[in-house]
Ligand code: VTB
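Coming up is one lone chain in structure tokens, specifically the form predicted alone.
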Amino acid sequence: MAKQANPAVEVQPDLFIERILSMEIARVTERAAVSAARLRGRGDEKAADQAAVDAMRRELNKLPISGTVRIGEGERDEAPMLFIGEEVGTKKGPLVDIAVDPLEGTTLCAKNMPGSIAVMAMAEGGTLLNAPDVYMDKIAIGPGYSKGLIDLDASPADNINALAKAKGVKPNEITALIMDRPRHAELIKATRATGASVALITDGDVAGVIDTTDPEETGIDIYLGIGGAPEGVLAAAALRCIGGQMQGRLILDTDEKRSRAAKMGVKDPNKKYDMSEMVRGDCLIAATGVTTGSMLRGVRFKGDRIFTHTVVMRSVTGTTRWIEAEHRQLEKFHL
């Protein structure tokens, strides 16, 4: 891990990551997921998001870290967001970068639809892409393919055909996941023209990118299209841990966006980032299901108990931990 912010803390970096970041961040996403799940199906996206944000901020501030939010839900301190540049933790531990999406899939949660999660990542200080809260064009596939197989600047046909050839199948056996947005009309048309199937999602592109890592289970081979930049960095962190390929480009289509990006150190507004440039150092990512999806089961309430389903992944070891937790001391959830 990066240098210690407090020299009085005598913890070996690898041991710190293993002991703290592997388990404690699971508690952070668990609390956020439970808080949001209390508002599932109520039709109030803002209330559900605020509940998740408040819980995540509260738990982050208990951790023995000196953390800075590099990827958040806004660039200024506008409650209830965890904003870019916000400092979290007890300030008595190592310097870490943090990326958060306290409630990915706010609409999914508000409508009690599948696939909403609470997700966050931690990385060595100074290693996460420091980007404004804008859109990002993305392409991603799972592990097991030669480097450079896909390219953000290639046509959908070229990418689909290359993936099909590498997989040893015909293009009509490939399924691409794309967000159902008007901006993707031509992309969807071009993808279908190859013979490939298109699976549309209304929200939740972090989980969508992760779905590409297990196509036999999820049925998803490739992710294409424009979504949020924060979700893009979180997805890149996940692929760094699980394996796969991803490229992204910030959509800086106004002077105001380019100015914001420049203030954060983005020198080339047209730069195409690969996964290792979005997440450069050792990182961990945790996600807890809010509503049941292809990857995680949603929060379940049963009498005086709460059940959560969480995945925690670490890049340097390639470790994936699946945590099924039963919580009995409900007061700790501040519900």
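Since the model is a prediction, treat every value here as computed from it, not as a measurement. Throughout, we count residues from 1 along the sequence that is shown.
Absent from the display: the form predicted in complex with the named molecule. The rest refers to it.
Chemist: Is the gap between D203 and the named molecule in the model of the complex 4.5 Å or less for some heavy atom pair?
Modeler: Yes - in the model of the complex, heavy atoms of D203 and the named molecule come within 4.5 Å of each other.
Chemist: Please run the contact check for K189 against the named molecule in the model of the complex: heavy atoms, 4.5 angstroms, yes or no?
Modeler: No, K189 stays farther than 4.5 Å from the named molecule in the model of the complex.
Chemist: Is G248 close enough to touch the named molecule in the model of the complex, meaning at least one heavy atom pair within 4.5 Å?
Modeler: G248: no contact with the named molecule in the model of the complex.
Chemist: Looking at the partner-bound form in the model of the complex, is I150 within 4.5 Å of the named molecule by any heavy atom?
Modeler: Contact with the named molecule, no.
Chemist: With the named molecule left out of view, which of A110, A164, A261, M179 would have a heavy atom within 4.5 Å of it in the model of the complex?
Modeler: If I apply the 4.5 Å criterion carefully, the residue I get is M179.
Chemist: Quick one: from G142, G228, P171, G72, grab the residue that has a heavy atom within 4.5 Å of the named molecule in the model of the complex.
Modeler: Filtering the options by heavy-atom distance leaves G228.
Chemist: Which single stretch, out of 116-124, 84-92, 98-106, 233-241, brings residue heavy atoms within 4.5 Å of the named molecule in the model of the complex?
Modeler: Going through the listed ranges, the match is 98-106.
Chemist: Go through 118-154 residue by residue and record those having a heavy atom within 4.5 Å of the named molecule in the model of the complex; state none if no residue qualifies.
Modeler: Contacting residues: Y135, K138.
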